[in-house]
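The chain below stands alone, shown as structure tokens; this is the form predicted alone.
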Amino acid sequence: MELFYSSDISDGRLYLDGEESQHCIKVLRHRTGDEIAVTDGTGNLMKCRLTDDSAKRAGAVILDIIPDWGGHPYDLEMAVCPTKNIDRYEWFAEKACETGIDSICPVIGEHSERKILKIQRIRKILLSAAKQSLKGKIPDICDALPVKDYILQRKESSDRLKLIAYCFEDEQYPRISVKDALNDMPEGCRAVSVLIGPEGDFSPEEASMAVECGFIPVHLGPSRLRTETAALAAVFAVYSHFML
């Protein structure tokens, strides 16, 4: 199945932008009258018929709309510190989208080696991954913010399971497995936020602040994982809990 994306939608019609039109018309050789599938990025799948096979701005009429197409029965927010090697972070974003997430929040920790993140390229990666994995919703990605600011933003989010994964042991804040944390979720709770630190881990102050604001300390098994691997392991854990 080929899936296209459009944000130019109104009155039962839509138009593909230049890049999508080029792929649809020049590469895949669709022509006026062909039926195509298009997502609006918010979860809707639109079955359409091409009415204009311009390679610059292809147009189509919407025949049917399927809501929450390719969705999942949970809301997962991954707050992950950008890696020094940006390719690793982009790999995480792509694979997490293919698995099933709702938003990525880049956070900058006290030990972060990368302090600046350009999110436009990651947005394109998320769009491509959503189309490839046949998902109607493209995950959101916000501008980077300090870890402590993110923690404070989530302080009052009592309707979410909030987890922080870190490496160091702390007798005051003993860690449990992410599996046990998910199994102990309140009945009916389907919203999860996971905080993953940088290569140098969270500072003790960041970890303490997170726990004081309702984050549960968790581990992802006995192996020491890279930032992007730990983040993806958490995504898989949530996916497995709700979907398998």
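Not measured: the values here are computed from a predicted model. When you see a residue number, it is the position in the sequence shown, counting from 1.
Not on display, but discussed next: the form predicted together with a further copy of the same chain.
> Among K155, R160, R88, R114, which has at least one heavy atom within 4.5 Å of a further copy of the same chain in the predicted bound form?
It is R88.
> Check for me whether a further copy of the same chain, as it appears in the predicted bound form, comes within 4.5 angstroms of all of K95, K135 and S240 - heavy atoms only.
Yes, all three are in contact.
> Out of the stretches listed (215-223, 26-34, 188-196, 57-65), which one is close to a further copy of the same chain in the predicted bound form, meaning heavy atoms within 4.5 Å?
So the stretch in question is 215-223.
> Considering non-hydrogen atoms and a 4.5 Å limit, does a further copy of the same chain approach V178 in the predicted bound form?
Because a heavy atom of V178 falls inside 4.5 Å of a further copy of the same chain in the predicted bound form, the answer is yes.
> Using heavy atoms and a 4.5 Å limit, would one call T229 a contact residue for a further copy of the same chain in the predicted bound form?
Residue-level check for T229: yes, a contact with a further copy of the same chain.
> Would A233 sit within 4.5 Å of a further copy of the same chain in the predicted bound form, counting heavy atoms only?
It does: once a further copy of the same chain is placed as it appears in the predicted bound form, A233 has a heavy atom within 4.5 Å of it.
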